[in-house]
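Take a look at this single chain in structure tokens; it is the form predicted on its own.
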């Protein structure tokens, strides 16, 4: 950090990124892909360092750090470097030779320019790389502002690109909210933000004022629906992992379970057994920040006060950052434990009468990021998934599709908008540019001045020919067109 104001720091980093971006964008796409291909080896070679760093900086179990942040990041380098040339290929449009004679139109996918990337602390390596890699391959520069909670992880991510891309192309701006705000307000061409709803609203407002596109991923309150025929052992194990991986600090964590009554007792029993078997501090680390731990404590306390039943775990003491995994049976739908994002190791269970009630309750949330359905009838689960208000729905699994680089990650409602991963993510990172070549040697176009009776008749004939009349009317229109078109093309002035 320097003694400069956040605004000056942001302006300086963005200016350097813009200088580097111009030449980078001129390189052929394949050359950019070749430059970034060694990134995969760098990430994999750093696996042990990443595991140790994240265990120290954000209390993540070593195994989770490698499995969730190293291996998927290496895979995404493979995916994007192999596919980017095809995904960014120019597209030649098909033009009607009668309406648009001697014309050729091509759509190019051009880089936005400088992308501001404001990234969170829960997956501080994997999340920024999901934007950095495709953004750079598309010809952009990126300025990364990592969370102030995980500055060393942010520095490590930026270092992965040293020597692979021009200096300044990947900028790093360390700091907190002031630095993030300064970056969003700087001379950037697009913003990608992952974080809280409250901050996301502010980012969206700034981008709207500046007419800059932004993508917002703002968290979730993800529901799991357990049907009567769900495979009990797989479902219980999947729910426990989906709720407690990364100590529940995952926007895709299972934070609501709606289980059909006929299987509820068996499911609760097995979930509690599996949860009690988790090793606190080994399988489930402590929460990354005291602030987040207090949110979890307050929600558990409010739920207990409103009559929720703690099946395992307890309401932690104030100031506790290590929170035992808790399974809670809840009946009050208004409790913050069901209404607000928890982001901690808590698994609320709600017993419902049937799948219709489960779908209705799952869709009643302000959030809509991911969801899951658990059933032996996978085709039925697939059909039910289409009814859920969520960007990602899995059947008999949960919270892992972010590791698939070809799979889109997006949400609705207060989960935000925009897409991470997959070709759909390029919508935030590139803009279409149309270039049209006209080789028409005639002195005038059909639709140019003068506006005459011939042009009027020709326009009406074209409307009939394109479907504005029946079959005989269209035949007559075609004959009129053959007569009127040559006359119009050589028409020099208004008819007398």
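Numbering follows the first chain given and starts at 1. Keep in mind the model is a prediction, meaning the values are calculated, not measured.
Below, we turn to the form predicted in complex with a small molecule, even though it does not appear here.
Within 4.5 Å of the small molecule in the predicted bound form, a heavy atom is found for all three of 145, 181 and 202. Just one listed stretch, out of 228-236, 212-220, 132-140, 350-358, contacts the small molecule in the predicted bound form at the 4.5 Å heavy atom level, and that stretch is 212-220. In the predicted bound form, the small molecule lies farther than 4.5 Å from every heavy atom of residue 316. Looking at residue 341, you'd find a heavy atom of it within 4.5 angstroms of the small molecule in the predicted bound form.
Contact check for residue 299: every heavy atom lies farther than 4.5 Å from the small molecule in the predicted bound form. Of the heavy atoms in residue 77, none are within 4.5 Å of the small molecule in the predicted bound form. Residue-level contacts in the predicted bound form: of 118, 257, 371, 125, one residue has a heavy atom within 4.5 Å of the small molecule, and it is 118. In terms of contact with the small molecule in the predicted bound form, the residue from 163, 176, 97, 281 that brings a heavy atom within 4.5 Å is 176.
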